[in-house]
Each structure stands twice: as structure tokens, then as C-alpha cells.
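So this first bit is one chain, no partners, the form predicted on its own, shown in C-alpha cells.
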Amino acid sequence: MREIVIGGAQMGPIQRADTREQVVSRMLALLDDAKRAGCNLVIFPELCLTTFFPRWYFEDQAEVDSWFETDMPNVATNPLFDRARDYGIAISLGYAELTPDGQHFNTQILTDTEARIVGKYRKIHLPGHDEYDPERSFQHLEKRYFQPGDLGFPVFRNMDALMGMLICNDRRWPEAYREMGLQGVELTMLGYNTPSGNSQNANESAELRAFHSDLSVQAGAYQNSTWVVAVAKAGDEDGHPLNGGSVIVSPDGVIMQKAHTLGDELLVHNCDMDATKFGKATVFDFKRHRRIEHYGRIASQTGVIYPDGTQG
């Protein structure tokens, strides 16, 4: 067996006024919990150093940039990397990345057990909109503040396993899982910040949104025979509630662990990477069963084209 004791480090709300140092102190406490639980790997949420700032409309680019990190690790996050190195625990965390040439990405990184960054993913499926929308109950301006990721869906060999990362809305797109599945991924790490309400549909319940999250993650795990650890930032951020519901899902699509709170909470599960082998060799043996000659639309078409040739 190739077992990794994984900690899904759900985080409660981060308010707009909270400093990165305050947030990192909470992450350190979760890392301490993970050490006591025997974890080898801890996964933190999307944008885990700040509030979910895309809900706010900013016109001043300097104010936008204040939410971004120009280096990782940096002064604020060095204590987290140092403690992870001392504990021999690999970590994955999400943050807003500002590159030296001025590009803005929603990013997640992965380290080895020596706190060396061995993987990076930049969010590709950006939801929301890019201009202020007075018709929405709150803003969701990821398309304004971020560029679509430019690294594809890479898979990294780390801790004797094949690991990949997704971020939030990516979980709803089966192509994202399949891109990594075609690289043999065995562990998919996913951080998210999902509002409890839909800014365009007041009748969509928090329960339905949580169901859709679980459905997407469980399907991605089963259809690619991979562990999926989906970790939320949850709770009320300055009056804007986020769904929690962090989960650890097996390669059979079964939820093995699920968060019970909307606060800082550590999910722990002993994940055997060899448990991915059966599905990959049978139902989802891609080499034997995929028929790519019939999948042309997937990589050549974005919007709907109806059978009569009209566009949706």
C-alpha cells in the first residue's frame, strides 16, 4: 500500500479587515492539529490568505493588487512553510498570485515534505463577470481580477503519488478531471470559496448548492479513479456566507470524511494511493475504452450548436 494520511484544513471566514499574519496563525494551529493526527499532507482552501475579495468592486488597481502575493513563500507565510518543514508535512494552499510581469492568477501550490514548492496550478474556469452588475445581489468579479490559468492541468509526482490540483469552479467541469486522469492522477486537491447563495437566483438554496458541489467532486473521483480532497473556506465573511462541506472522496466516489462546521476544522483520512488502481484497470481503463475519434466537439467547440446548425 502507498498510504498518505491527508488533512483537509477547512477554514472559517476571513474578514476583510483580517491581516495575513492573523490568518497564518490559524493555519499554523491547523497544521499543529495535523501533526498530532499523524498527517503527511495538509490541504488548505482557495484564496486562504484573504477574504474572498472578488465579491467587492474595486476601480483602483493598487487596491486590487493589495490582495495579491508577489512571492511565495513571503514574510507573512514563512512561518507556515518553516513549521511544515519542521513537521515533515507537505502542504497545498491557494492564493492570489501577481507575477513579476504583472499577470494576475488564482493559484494553488503544492510542496514536498521539505517545504519545497514542487507544483503549481492556476485556475482555468473563472466564474462570474468582469464589470459591476447592479442586478446581482452581490458581485462575483473573478473575471475582472484574474486571468485564466496558463499552465493547463499538470500532474506532479510527489510523495510516491501522482498529484494534481483544481480550484473551486474547476470541479464542475468534467474536462478538468479527465485532463489529469489521462496523466494517471491518483490524488486531486481542490480548494474552494463557494457562496451559500446564488447572486442571480435567490431561490437556489444553500442545500442545493452543497449537493452540486458534492455531486461534481464525487463524479470526478469515480470517473477518473482518483482520491479527491475538496477543502472549503466557509462561514460568514462580512455578511456574505460561504458554504462549507469540505470532503475527502475515495476513488469509488464515496465520501469518506465530511466537515461538520463552518469554522476551522481538520478532516483526516488515511488515503491508499493503490486504491486507485482497480478503477484505472477496469471500467476506466482509458487506453482500452476511450473513443477519441468521436470526441471532436469537446476540444473544438465552446458554445452550443444545435442539430440544425443554429447557435445557442
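Residue numbers here begin at 1 and follow the sequence given. Every value quoted in this text rests on a predicted model; they were computed, and no experiment measured them.
The same protein also exists as the form predicted in complex with a small molecule; that form is not shown, yet it is the one meant from here on.
Annotated contacts: 181, 222 and 280 are all free of the small molecule in the predicted complex [non-hydrogen atom within 4.5 angstroms].
For the residues 168, 163, 90, 217, the 4.5 Å heavy atom test against the small molecule in the predicted complex is passed only by 168. The partner is absent here, but in the predicted complex a heavy atom of 209, alone among 85, 129, 120, 209, sits within 4.5 Å of the small molecule. The stretch among 59-67, 46-54, 272-280, 245-253 whose residues place heavy atoms within 4.5 Å of the small molecule in the predicted complex is 46-54. For the chain shown alone, residue 107 is not a contact residue for the small molecule in the predicted complex, no non-hydrogen atom being within 4.5 angstroms. Contact annotation for residue 237: none of its heavy atoms lies within 4.5 Å of the small molecule in the predicted complex.
For the chain shown alone, residue 149 is not a contact residue for the small molecule in the predicted complex, no non-hydrogen atom being within 4.5 angstroms.
The small molecule in the predicted complex is approached by residue 194, whose closest heavy atom lies within 4.5 angstroms of it.
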